[in-house]
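Just one chain is shown here, as structure tokens, and it is the form predicted alone.
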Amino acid sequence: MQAFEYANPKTLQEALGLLGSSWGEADVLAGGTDLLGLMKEYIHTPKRVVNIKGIKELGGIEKTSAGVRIGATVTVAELLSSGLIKSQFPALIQAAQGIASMQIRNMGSIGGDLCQRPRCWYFRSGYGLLAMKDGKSLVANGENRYHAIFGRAPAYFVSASSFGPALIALGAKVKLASQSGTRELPVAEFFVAPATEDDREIALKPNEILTEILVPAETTRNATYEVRQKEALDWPLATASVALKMDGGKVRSAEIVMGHVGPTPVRAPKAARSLTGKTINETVAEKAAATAVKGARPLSQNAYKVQLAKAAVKRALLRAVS
């Protein structure tokens, strides 16, 4: 690990003043479950690490007039123990339950989950975010069984966030702060597919800190379903989160978002619209799931993920109305 300066600010403004104008000057530390590994492997070599864990205003879960505010440093364990989240957002609870490691639950933060870097083994082995060599992708015809089935070149990695799909389905926003002020961004726009090696996979700027997540108070039936190779200490192969606004037993409007199948969480608007006016049952859920994966473009080794994504959408829909 490269030597670095360590800062432990007590206020948000103090922390913002310690950040830099470009990536590499400073990295933000919350739980550290991702950052420390990146630093040990020399993928990240910041000159300064800014620990935000002790900043009280970045924590807590509370009800507001507009919905629910989740502080960026709230841990997975805190989310799982929140009665407010359990009662309104089972999709978030189910996503959190998929994080089986007690160590990560106790240390990993919600903001950190949204900001974590891709788990692509090319990236983690030092080949860069887009894994290019001599102008060609190492992924397209390489070892790609866990890579994207949606999206286009040059980004073939999959978004690693466990909570991103559920937050998008729920219509959540993130608040980003810098020394010049704050801005709010839909979670759906927070994730981006990079076009060059200098880009990032999230809209956060190097001089910003994600401070909180804002989930609207709209009443929905919502759920998340994940498909994993094993239940313990494993990353999902495909996930789906859904949110349904209901008129009695029929769907008034819907949102379907797939995860771990593209460089960003993948929305399925056509599949969601197909549910309008219908009662969710096995047949309806199966058809909507088939529609959701129609645009998939698997690579040489990962066509199996199309079926997994389809199954995740179907089961998330059925779980939401059960």
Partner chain sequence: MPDYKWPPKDQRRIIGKPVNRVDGPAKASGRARFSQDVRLPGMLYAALLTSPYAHAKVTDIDTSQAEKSPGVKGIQIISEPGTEIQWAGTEIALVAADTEEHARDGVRKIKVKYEVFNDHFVKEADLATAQKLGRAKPSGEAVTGDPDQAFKDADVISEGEYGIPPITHCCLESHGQVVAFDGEKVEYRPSTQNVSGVGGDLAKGLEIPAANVHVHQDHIGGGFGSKFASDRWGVETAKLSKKVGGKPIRYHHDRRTELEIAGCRPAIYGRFKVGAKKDGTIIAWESKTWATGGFGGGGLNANLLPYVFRDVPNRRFNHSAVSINAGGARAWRAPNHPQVSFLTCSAIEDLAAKLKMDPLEVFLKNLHYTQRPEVYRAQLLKAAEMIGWKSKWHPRGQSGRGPVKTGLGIGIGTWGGMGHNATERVTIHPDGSVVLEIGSQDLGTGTRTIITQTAAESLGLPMKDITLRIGDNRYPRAGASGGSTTVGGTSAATRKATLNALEKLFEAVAPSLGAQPDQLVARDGKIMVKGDSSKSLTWRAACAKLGVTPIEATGSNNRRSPGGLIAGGVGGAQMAEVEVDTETGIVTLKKLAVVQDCGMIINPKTAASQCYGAAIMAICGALYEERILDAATGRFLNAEFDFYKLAGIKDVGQIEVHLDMTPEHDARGVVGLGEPPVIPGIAAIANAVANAIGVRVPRVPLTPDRVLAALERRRA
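Quick caveat, the model's predicted, so the values are computed rather than measured. Positions refer to the first chain, counted from 1.
Although it is not shown, the form predicted in complex with the partner chain is what the next lines describe.
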Answer range among 196-204, 68-76, 143-151, 106-114 for contact with the partner chain, defined in the predicted complex as heavy atoms within 4.5 Å:
143-151
Checked A177, L130, L237, I93 for heavy atoms within 4.5 Å of the partner chain in the predicted complex; positive is L237
Should E231 be classed as touching the partner chain in the predicted complex when contacts are defined as heavy atoms within 4.5 Å?
yes
Answer for R119 alone: is it within 4.5 Å of the partner chain in the predicted complex, judged on heavy atom distances?
yes
Flag A311 as yes or no: does it have a non-hydrogen atom within 4.5 angstroms of any non-hydrogen atom of the partner chain in the predicted complex?
yes
So in the predicted complex, does W23 come within 4.5 Å of the partner chain, heavy atom to heavy atom?
no
Using a 4.5 Å cut-off on heavy atoms, what residues in 289-308 are near the partner chain in the predicted complex?
Y304, Q307, L308
